[in-house]
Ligand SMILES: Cc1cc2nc3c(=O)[nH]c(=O)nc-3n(C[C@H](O)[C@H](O)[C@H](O)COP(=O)(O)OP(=O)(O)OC[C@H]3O[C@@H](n4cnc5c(N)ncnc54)[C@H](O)[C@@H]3O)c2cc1C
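Only one chain comes next, encoded as structure tokens, the form predicted alone.
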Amino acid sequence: MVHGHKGVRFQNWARTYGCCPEMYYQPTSVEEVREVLALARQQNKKVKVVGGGHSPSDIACTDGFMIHMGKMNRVLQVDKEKKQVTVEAGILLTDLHPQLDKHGLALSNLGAVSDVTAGGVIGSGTHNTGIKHGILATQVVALTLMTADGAILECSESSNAEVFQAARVHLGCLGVILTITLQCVPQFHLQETTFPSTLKEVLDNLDSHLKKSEYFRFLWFPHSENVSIIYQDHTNKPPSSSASWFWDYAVGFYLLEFLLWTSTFLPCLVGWINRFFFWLLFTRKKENSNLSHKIFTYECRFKQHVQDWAIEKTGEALLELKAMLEAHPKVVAHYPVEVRFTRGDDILLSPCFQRDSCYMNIIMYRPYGKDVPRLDYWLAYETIMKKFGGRPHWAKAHNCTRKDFEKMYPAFPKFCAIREKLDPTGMFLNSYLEKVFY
């Protein structure tokens, strides 16, 4: 018999969203998950599955039953011949990496954070960068899904193919993902090279940068022309690091947090802070090399609010955002605006559905947990993203409704039909998802 807990308060990593579920469950087996769903059906309760809790939105929140998958975190099978690994959906990527290392395997691409579960990563459409690489869900070759009635569906391109096409970016609304089979590649090392540039240079030579580096991204420092370019490419070089506690923490975290807190009283300081820290930390070329997962992932030190949309027209959108900030000097933007690139796919609610995309990520830090005024920046950014046909990252907070998604996603009606068939009573909905589907 599965035991639940009352009085648990859930908060996401950034402490920007939270909820108090009526019951909090940590199942250890498929049968225990089935028991929770049976209880929910009997008592007419909503159910929300949560993973690492990193989503900077209320996508994981509920006042019904919450299922935390952290105790279903095993590696079930490693197929060395096919280079595939099957895992329980609650495994954290940070725990999966050393397991893959033992077998000489790796994932071909990863997001910036690995304290996230396999089920959550695919469900929210997590991405990294590399125009030859899709979002992380494109590495999924099979999965098992428990639907609201307790049935289990085995899904792949050859079995329940339509559900598979939907479930790789599932938003937590199709059922409970139990296991995932990921396509891996042989273990590899990356060299990361970071060097300074300007916004004009990077936009004028965007195609050249995309061809030069397999995993190319850049950081723009708002209220300036400054850009930091980051190349990540396969290497045979031994591990090396340019990391320094003084520059990375004493300056890049503690001093920056203090100055950002000061800027909450004097917002005009933000532009100076962005330019000062570019000069301080980003004007020298740096090189690091290591195992791929140690280069792809980095430590998020600041609690923060973020927005991230996938668009096609990088230059036009970024220049319009820059022009908006110049025209409205009272609207301030923390650094960086991070720009990444991703290959198109055929996953129904992938922000990269049927098109190669550029992700443009904006950020406002919360120094010492203090909220910084961001509404004008947020609304202006969303307006620009919508103008250029953008689609929001599902894990992030946004103001879009069903009408918006019907315009953005050609396959939206198909996904809705699959969802309604698998969950006719809306067991897996919450307030975030009701805005998406109703």
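Numbers for residues come from their place in the sequence shown, where the first is 1. Computed from a predicted structure; not experimentally measured.
This next part talks about the form predicted in complex with this ligand, which is not shown.
Engineer: Val176 near this ligand in the predicted bound form, any heavy atom under 4.5 Å?
Structural biologist: Close contact exists here: in the predicted bound form, Val176 approaches this ligand to within 4.5 Å, heavy atoms only.
Engineer: Classify Gly134 as contacting or not contacting this ligand in the predicted bound form by the rule of any non-hydrogen atom within 4.5 angstroms, answering yes or no.
Structural biologist: Contact with this ligand, no.
Engineer: If we define contact as a non-hydrogen atom of the residue within 4.5 angstroms of the partner, is Pro351 a contact of this ligand in the predicted bound form?
Structural biologist: No, Pro351 is distant from the partner.
Engineer: So in the predicted bound form, is this ligand close enough to Leu256 to count as touching (4.5 Å, heavy atoms)?
Structural biologist: No, Leu256 sits far enough from this ligand in the predicted bound form that none of its heavy atoms falls within 4.5 Å.
Engineer: In the predicted bound form, do Pro222, Trp261 and Ile362 all put a heavy atom within 4.5 Å of this ligand?
Structural biologist: Checking in the predicted bound form: none of Pro222, Trp261 and Ile362 is within 4.5 Å of this ligand.
Engineer: This ligand isn't shown here, but in the predicted bound form which of His393, Arg34, Arg374, Lys45 has a heavy atom within 4.5 Å of it?
Structural biologist: Only one option qualifies, and that one is His393.
Engineer: With this ligand left out of view, choose which of Ala148, Val331, Ala112, Leu210 has a non-hydrogen atom within 4.5 angstroms of it in the predicted bound form.
Structural biologist: Only one option qualifies, and that one is Ala112.
Engineer: If contact means any heavy atom within 4.5 Å, which of 262 to 270, 310 to 318, 167 to 175, 194 to 202 contacts this ligand in the predicted bound form?
Structural biologist: Looking at the partner contacts, the answer comes out as 167 to 175.
Engineer: Going through 20 to 56 from first to last, which residues have a non-hydrogen atom within 4.5 Å of this ligand in the predicted bound form?
Structural biologist: Contacts from 20 to 56: Lys48, Val49, Val50, Gly51, Gly52, Gly53, His54, Ser55, Pro56.
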